[in-house]
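The chain that follows stands alone, in the form predicted alone, written as structure tokens.
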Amino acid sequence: MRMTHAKGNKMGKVVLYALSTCGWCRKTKRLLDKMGIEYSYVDVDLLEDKEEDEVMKEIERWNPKCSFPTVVVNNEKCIVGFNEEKIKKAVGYE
């Protein structure tokens, strides 16, 4: 899977599944950038069919509704939708 890496302070493994056309996904990226943490993201709608199917299966594991944005932290916590407080708490940002 092609992930884009955003440099920053390591606060664990943070993965954002997003859509390139989603305003809430862009807002989530801006929040992660503002917090200055390291994370990886993929714009699922820009993937090829087979790769998109694989990523959707991965997202479904965390978020059965497969809605966006979906943030997975340390392969333990999942935040569905833009929720600043939950994202900050999940990554340990205070």
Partner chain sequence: MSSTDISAEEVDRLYERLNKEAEEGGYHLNPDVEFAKDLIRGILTNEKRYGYWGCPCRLACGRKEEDLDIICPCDYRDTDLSEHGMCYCALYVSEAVEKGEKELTGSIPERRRPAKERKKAKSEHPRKSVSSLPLPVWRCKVCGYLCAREEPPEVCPVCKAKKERFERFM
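Numbering follows the first chain given and starts at 1. Bear in mind the structure is a predicted one, so any value in this text is a computation, not a measurement.
Note that the form predicted in complex with its partner chain isn't included here; everything after this is about it.
A.B. asks: Is the gap between Lys34 and its partner chain in the predicted complex 4.5 Å or less for some heavy atom pair?
C.D. replies: Taking the distances in the predicted complex, the answer for Lys34 is no, it never comes within 4.5 Å of its partner chain.
A.B. asks: Flag Glu51 as yes or no: does it have a non-hydrogen atom within 4.5 angstroms of any non-hydrogen atom of its partner chain in the predicted complex?
C.D. replies: Although its partner chain is absent here, Glu51 would stay clear of it in the predicted complex, with no heavy atoms inside 4.5 Å.
A.B. asks: Determine whether any heavy atom of Leu19 comes within 4.5 Å of a heavy atom of its partner chain in the predicted complex, and answer yes or no.
C.D. replies: Yes, Leu19 is a contact residue.
A.B. asks: Heavy atoms within 4.5 Å of its partner chain in the predicted complex: does Phe68 have any?
C.D. replies: Phe68 belongs to the contact set for its partner chain.
A.B. asks: Note that its partner chain is not shown here; using its position in the predicted complex, name the residues of 19-51 with a heavy atom within 4.5 Å of it, in sequence order.
C.D. replies: Residues within 4.5 Å: Leu19, Ser20, Thr21, Cys22, Gly23, Trp24, Arg26, Lys27, Arg30, Val44, Asp45, Leu46.
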